[in-house]
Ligand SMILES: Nc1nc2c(ncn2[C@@H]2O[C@H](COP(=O)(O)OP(=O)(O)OP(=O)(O)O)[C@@H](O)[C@H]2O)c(=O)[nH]1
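As structure tokens, one chain now follows by itself in the form predicted on its own.
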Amino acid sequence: MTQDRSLGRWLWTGVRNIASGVSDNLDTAFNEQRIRLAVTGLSRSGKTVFITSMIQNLIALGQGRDTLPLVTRRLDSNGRSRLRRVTIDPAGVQTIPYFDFQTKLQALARADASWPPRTEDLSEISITLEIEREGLGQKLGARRVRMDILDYPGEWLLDLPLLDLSHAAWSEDTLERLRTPDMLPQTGKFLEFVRGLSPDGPVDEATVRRGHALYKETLSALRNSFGLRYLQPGRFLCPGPFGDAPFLWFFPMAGTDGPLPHGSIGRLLLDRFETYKREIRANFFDTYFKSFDRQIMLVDVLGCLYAGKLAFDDTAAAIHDLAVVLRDGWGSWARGRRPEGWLSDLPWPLSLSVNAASYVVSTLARNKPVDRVAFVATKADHVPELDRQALKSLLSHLAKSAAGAIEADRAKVSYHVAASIRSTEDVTLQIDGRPMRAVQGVLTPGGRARPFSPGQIPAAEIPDYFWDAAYFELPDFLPPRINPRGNEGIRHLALDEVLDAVIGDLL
């Protein structure tokens, strides 16, 4: 009898669990919409701050504060918000670190408020918006919009275009760029070193390590001297969990496109380059960047504009190449690219079969196109209101080729100027008796507010004479201290416009 009861309880528990699982799955299918939001951008474009401000302002919005006016308007139903609550989902069993939202928020709430530190590794967070349905759908109860958001070092994104390049092709492009006359004071030492090497020469690990160190120093110098960001491989500047593993010890070298003997320096560099691509593909790109639904691309337009023509052109090239790869995916299967002539060398029946298989695989494996993309010029609080339209026009000019690549897949593209956390106020200065609009913010802890004028911002094509002016770095204004509880939201500039453009249709 006891055994019969135990068996009955076991069967009942099993049936109940199955029913519960079916119920949960049905609830998720009918009431939950899950999207992956990619907040992308080059290093120092403000991804971490953007994510922190976005989450806190959404939470405050869910508590009845009008922190995001355009989103509030989207959720309005006869003067009442349909947004019931916004919650941060608890950490589950994900294998990457959790985005430490609270620590970043508290850094902004201290008396000596400071910007969050630069991102050094991957982290992820999910938030859920619970929203009442409209009309007859109210009888079905609330629905949920869940957003998965990934934070990562901007340097890593720059390796996306590498994944379809051979070591020889990457070396040719890189060395040609390093020979740019204006860069020679920073690149000359490495170029002289690599000029003295033969790819067929025997491996000497000390020489390889010396070349790797010189190349890393060159990348750092280009970033610091010219404000360049399109520097590859990105993990040479921000290695993350790989640290200083041996497969990272490589550098560009001419002549690695032909047969190379085992034990040669060229073969070692090529093998390490291919290992690097496999590792970053498996541990970053294929795992985390293949299924985004919406994308926000942050661009430090002002920073690259005032760093000079090299930095501006560098940023334009970077966002174009990234937009193309993020749209198309990567790898020769994803884009239908093959080594030149390889298919024509096969027998006709086999080439036909391979071609058909290639089409099927590329069709099945192709990434789902991103639905909406918002290009955002960050640090808009460094520009007075009257000049922000010019900044927006300059952004659209800078991103024109990138946007064209995205729109080819019929994604909706929008342009915005925004500041995730507003650190300045608009002011009027008197210069030689004439009024001039500027912004004013605090530069050092405990210091006084100081004015800053960015000068005239070109609205589109930049005339050559613009680059004749002296280059300068933008001031680093301190963030305003926020309420320690954070329930009042974070003061921003046009963050609501960005969110409305990217997720407004889901609300």
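Model, not experiment: these values are computed from the prediction. Each residue number is its position in the shown sequence, starting from 1.
Below: the form predicted together with this ligand, not depicted.
For this ligand in the predicted complex, the listed stretch (162 to 170, 251 to 259, 115 to 123, 271 to 279) containing residues with heavy atoms inside 4.5 Å is 115 to 123. Exactly one listed residue, out of His416, Arg235, His382, Arg294, brings a non-hydrogen atom to within 4.5 Å of this ligand in the predicted complex: His382. Screening Gly154, Gly227, Gly266, Gly211 for any heavy atom within 4.5 Å of this ligand in the predicted complex leaves a single hit, Gly154. Mapping the unseen interface onto this chain, Arg450 falls outside it, with no heavy atom inside 4.5 Å of this ligand in the predicted complex. Taking non-hydrogen atoms only, Met54 never approaches this ligand to within 4.5 angstroms in the predicted complex.
By the criterion of a heavy atom within 4.5 Å, Val49 is counted among the residues contacting this ligand in the predicted complex. In the predicted complex, none of the heavy atoms of Leu37 sits within 4.5 Å of a heavy atom of this ligand. If you take 67 to 88 and check each residue for a heavy atom within 4.5 Å of this ligand in the predicted complex, you get nothing at all.
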